[in-house]
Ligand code: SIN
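Okay, so here's just one chain, in structure tokens, the form predicted on its own.
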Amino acid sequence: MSYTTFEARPLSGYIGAYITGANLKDEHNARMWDELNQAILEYKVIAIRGQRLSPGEHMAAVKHFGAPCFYPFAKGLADFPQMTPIIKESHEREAFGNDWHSDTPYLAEPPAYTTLYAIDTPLRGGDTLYCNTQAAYEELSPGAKKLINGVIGVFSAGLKHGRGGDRAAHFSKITTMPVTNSEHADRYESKHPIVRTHPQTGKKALYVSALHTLRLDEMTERESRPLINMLNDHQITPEFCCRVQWEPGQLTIWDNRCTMHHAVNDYHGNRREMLRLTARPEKPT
């Protein structure tokens, strides 16, 4: 669709757009906020460039999409405890979010939206990959859809299958972010359907990842992994993906109900600082 309050430049055939011309400090531009909501539904992830937001302005903007959420594994800012600094200093090798996932599916009500605001970015590298899990579901065969519709996944915060080890091991290598509570990660576990229906569009999307889906309900981990891994790998087929490049003053918003993302860790020796805020807790159905 066309937009009147900003320009949208698509990033790929299935997902993503850069947005220019929007002013997120304009609290009272109802048409702009309505069009931004429509753009998220259309593109799944939008990167809004040319912003200069204080944490308070970031918070005010995100409230147009839903109530802010807390992240259980990092301390927030003193004045905005729901807002988490995501920092990798130049001497560090480990990066936060360096694996395909949807945010916090181990909560009973995961956030519908995640926002990430760029403060300091490397001259090159440090991009984020996104995939369209709605398109991935639609491209499955009828037999595969019949197999997985109605199946419940058990989601864990423990990161048992993470490339950097479990959450405690992974977070022990992240020294400048205010991480916390990782020793209790296994206590965070929820059950959700691995095919969920978007409450606004009515369309189905895969909701499963090799990182967070520990097993399928009423099945062992060993029995579950082949199907979980197959669906995970299917979602990240290049045709379903886009790559968002960052610049300071960019606020990127994505819909966790129909996407996964992956922070590319290819900027060793450079600093990267973001502010992360999630919004609109929702029970997947």
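This structure is a prediction, so every number in the text was calculated from the model and none was measured. Residue numbers run from 1 along the displayed sequence.
Another form, the form predicted in complex with this ligand, is not on view; read the next lines as being about it.
4.5 Å heavy atom contact, G97 to this ligand in the predicted bound form: Although this ligand is absent here, G97 would touch it in the predicted bound form, with heavy atoms inside 4.5 Å.
Proximity of M83 to this ligand in the predicted bound form, heavy atoms at 4.5 Å: Contact check for M83: no, nothing within 4.5 Å of this ligand in the predicted bound form.
H192 within 4.5 Å of this ligand in the predicted bound form, heavy atoms: Output for H192 is no: heavy atoms all beyond 4.5 Å of this ligand.
4.5 Å heavy atom contact, K204 and this ligand in the predicted bound form: Contact check for K204: no, nothing within 4.5 Å of this ligand in the predicted bound form.
Heavy atom of each of T128, H261 and R276 within 4.5 Å of this ligand in the predicted bound form: Yes, all three are in contact.
In the predicted bound form, segment of 47 to 55, 253 to 261, 22 to 30, 230 to 238 with a heavy atom within 4.5 Å of this ligand: Flagged stretch: 253 to 261.
Contact assignment for this ligand in the predicted bound form, among H101, R196, R215, R167, heavy atom within 4.5 Å: Only one option qualifies, and that one is H101.
Candidate from A185, I148, A136, L116 lying within 4.5 Å of this ligand in the predicted bound form - any heavy atom: Checking each option against this ligand in the predicted bound form, the one that comes within 4.5 Å is L116.
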